Ligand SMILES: Cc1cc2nc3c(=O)[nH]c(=O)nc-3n(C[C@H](O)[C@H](O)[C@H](O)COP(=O)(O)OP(=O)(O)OC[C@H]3O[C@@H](n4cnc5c(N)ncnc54)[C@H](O)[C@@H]3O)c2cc1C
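In structure tokens, one chain follows: the form predicted on its own.
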Amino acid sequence: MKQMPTHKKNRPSSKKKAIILNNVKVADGYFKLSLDAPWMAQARPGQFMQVKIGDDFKTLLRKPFGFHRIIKSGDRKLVEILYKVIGPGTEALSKKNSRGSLDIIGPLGNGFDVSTAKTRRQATHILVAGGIGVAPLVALAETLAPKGKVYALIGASTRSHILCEKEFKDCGAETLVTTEDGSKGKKGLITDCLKALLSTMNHQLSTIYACGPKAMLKEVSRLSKKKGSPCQILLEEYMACGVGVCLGCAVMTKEGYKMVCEDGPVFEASEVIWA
């Protein structure tokens, strides 16, 4: 039996109060929250923060949220998160008012590695989003836009669950949409769209970045390996502590178990061993 890893010392991060600038409903069951948190401007796409929402039993544990946008233009230094109401914690968060505050820790984890992203204009960056997995990919699209051609592939079960199409288009990404019921874009899975797109490309100049359900990430990883395209995936696992102590977010990799919160949440797709 493979042994679970012992925890490692987490990277330095900040625990501070952030002022809520707005908290608006953007679709049925989905909200976007903006925070005045200048120290978070150092965050990278793919990293996350741990948010304390309340003090009662149902909201006691901090919740992890990836950075939807990282805005540092002139005097503006703020961050946004995009979240879905799925339980008591996010339900309570959706009721938070502007000018209130949240106790947050971050930035945490390892984000997407764009340090080696090709800067030639013929370079292609393919972002694959499934459902609420679209949330952290907008910040990534904004970072990659000056580094080559960006495609944003958005998949969801139905039209009302398609998010951020405008945001991707605003940063210059060519945006493709699929829905399982055919109510918007092409009918089918977003991985079908990825497969078709890859068939038209020079894989040596294409890099894939993905976030979404595990089944989608597994198929994206398979396609990237088959086509020979580098691929980074952002894993979504339950994180209780966010700093690698509780060992609740372990995933199996070629090097043994790793913690999504500390070693990830972004991994090279070829590194993960899928069940």
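For every residue, the number given is its place in the sequence shown, counted from 1. Nothing here was measured: the structure is a model prediction, and the numbers come from that model.
Omitted here: the form predicted in complex with this ligand. The next part is about that form.
- When contacts are judged by a 4.5 Å heavy atom cut-off, Pro45 does not count as touching this ligand in the predicted bound form.
- Shown alone here, Lys63 lies within 4.5 Å of this ligand in the predicted bound form, counting heavy atoms only.
- Taking non-hydrogen atoms only, Gly188 never approaches this ligand to within 4.5 angstroms in the predicted bound form.
- When this ligand is considered in the predicted bound form, Met239 lines it closely, a heavy atom lying within 4.5 Å.
- With the partner omitted from this view, the residue of Cys164, Leu176, Leu144, Leu82 that lies near this ligand in the predicted bound form is Leu82 [heavy atom within 4.5 Å].
- None of 84 to 92, 153 to 161, 71 to 79, 194 to 202 except one has non-hydrogen atoms within 4.5 angstroms of this ligand in the predicted bound form; the exception is 84 to 92.
- Although the partner is absent from the chain shown here, none of Gly111, Val114 and Ala269 has a heavy atom within 4.5 Å of this ligand in the predicted bound form.
- Counting a residue when any of its non-hydrogen atoms is within 4.5 Å of this ligand in the predicted bound form, there are no hits in 26 to 40.
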